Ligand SMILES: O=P(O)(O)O[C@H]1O[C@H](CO)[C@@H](O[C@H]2O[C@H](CO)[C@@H](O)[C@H](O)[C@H]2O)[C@H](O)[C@H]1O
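In structure tokens, the next block holds one chain alone, the form predicted alone.
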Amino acid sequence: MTAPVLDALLPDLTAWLPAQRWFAAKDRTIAAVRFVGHQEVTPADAIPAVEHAVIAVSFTDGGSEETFQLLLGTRPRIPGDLEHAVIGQVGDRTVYDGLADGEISRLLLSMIVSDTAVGSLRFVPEPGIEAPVVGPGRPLLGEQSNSSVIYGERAIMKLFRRATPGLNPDLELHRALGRERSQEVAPLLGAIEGVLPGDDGALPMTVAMLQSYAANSADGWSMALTSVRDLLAEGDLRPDEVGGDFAGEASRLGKTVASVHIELARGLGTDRLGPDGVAAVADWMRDRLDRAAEAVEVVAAQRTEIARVLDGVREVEGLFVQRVHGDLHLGQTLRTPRGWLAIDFEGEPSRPLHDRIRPDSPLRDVAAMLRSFDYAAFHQLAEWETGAEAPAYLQRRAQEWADRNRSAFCDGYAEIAGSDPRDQLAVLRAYELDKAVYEVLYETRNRPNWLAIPLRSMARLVGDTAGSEGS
């Protein structure tokens, strides 16, 4: 489509975007949408025709623009199974989300396998890896920040919805782990790479990545919730007495995370921060605390006490840093018949790229996983009857589950890493509290029913100077 034809789609796009799960600005009102780049993948008269587009979205609050990637499909007539993906009508063609179309997803896979280049787009197979040539892709439901399609339970392709310049950390770290022959991630099969137009010229950009699909797997979050549900349903059994006890899996998961850290350190190097570098980490935590305190009264009321705990990161002489996952939680793990896998190494998508690729302490990932065990333990209680608090005995049992699994995770991590994260208690607590403060702000804005989960942890981390519960 030419630029004028694309511009005719903008009103429809403005209405369509807020309803998409991956649209990361649902709490902001769109002021305008504009195309900043586009590349035809097929001729415009093909059926279906495919085009990669980059859009910039501005908002009425006057804040920064958000930039997103689209794969647009067009057809003269839309089959019934694609009606849900329609964006709008341009001339005699209907425009829709191309990832919903099996013919388009099959075409994209074949272009990666055949190492194809079209204009500014490169479809790149991973060297020495043979990607499967299978039928049309099936859209994966339930995602939020990105969109994926599954090919016959053999491969999965993820389109990164945020358009950011540079190599996406998910692709970068999977390539590094592939060179280390890691067994803790699904093998990388290929990628789609493009360019992002900007004021300083076109910059490289990751469009999508293709990797093996972990068939017959279950995500760690769902498994943990099942374990908690089984415990809360029992009248008087301890976590280790319930049939769905998760501690063994938590320990194995700790081993997997430690192995990933070892492989990333070996493949991409390590460093030790001097006083200035450590101070920069502490200052970054303080900045996040200040932003949360401005928006959440309960954080503001405890700001001094929280800052004291965050400053625990300054106690280390020469903080060990390396590339880490950056957004680790139970939902970023898969249990396969062969063991655990870590997935989604993109980091926190809302953070700028330079923050997401900055080396950090492995304790950030450990702390984030400890926070995830707390969330799993208290998630169901957070959904208790509106205006009511879950009974004390259920809260006690949930805490027992969290304590047991947090401890098991650290035990497993220590067995592989050769050092126990709890040996650096002040630093670990600082990272965990930093995450809890972020969670308080997030839940205040998005899920008030869940706010009690990070508030409980924040109170514990501020008040417990001796350390407990696996940290």
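Please read all numbers here as calculations on a predicted model, not as lab measurements. Don't overthink the numbering: it's just position in the shown sequence, from 1.
Form predicted in complex with the ligand: not shown, discussed below.
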Answer range among 53-61, 25-33, 442-450, 413-421 for contact with the ligand, defined in the predicted complex as heavy atoms within 4.5 Å: 442-450
Heavy atom within 4.5 Å of the ligand in the predicted complex - the one residue of 344, 97, 126, 360 that qualifies: 344
Residue (of 356, 323, 329, 93) lying close to the ligand in the predicted complex, criterion heavy atoms within 4.5 Å: 329
Interface membership of residue 372, the ligand in the predicted complex, 4.5 Å heavy atom rule: yes
Residue 38 within 4.5 Å of the ligand in the predicted complex, heavy atoms: no
Non-hydrogen atom contact residue 190 with the ligand in the predicted complex at 4.5 angstroms: no
The ligand contact at residue 312 in the predicted complex, heavy atom, 4.5 Å: no
4.5 Å heavy atom contact with the ligand in the predicted complex for all of 335, 339 and 409: no
Interface residues of 203-222 toward the ligand, as seen in the predicted complex [heavy atoms, 4.5 Å]: 221
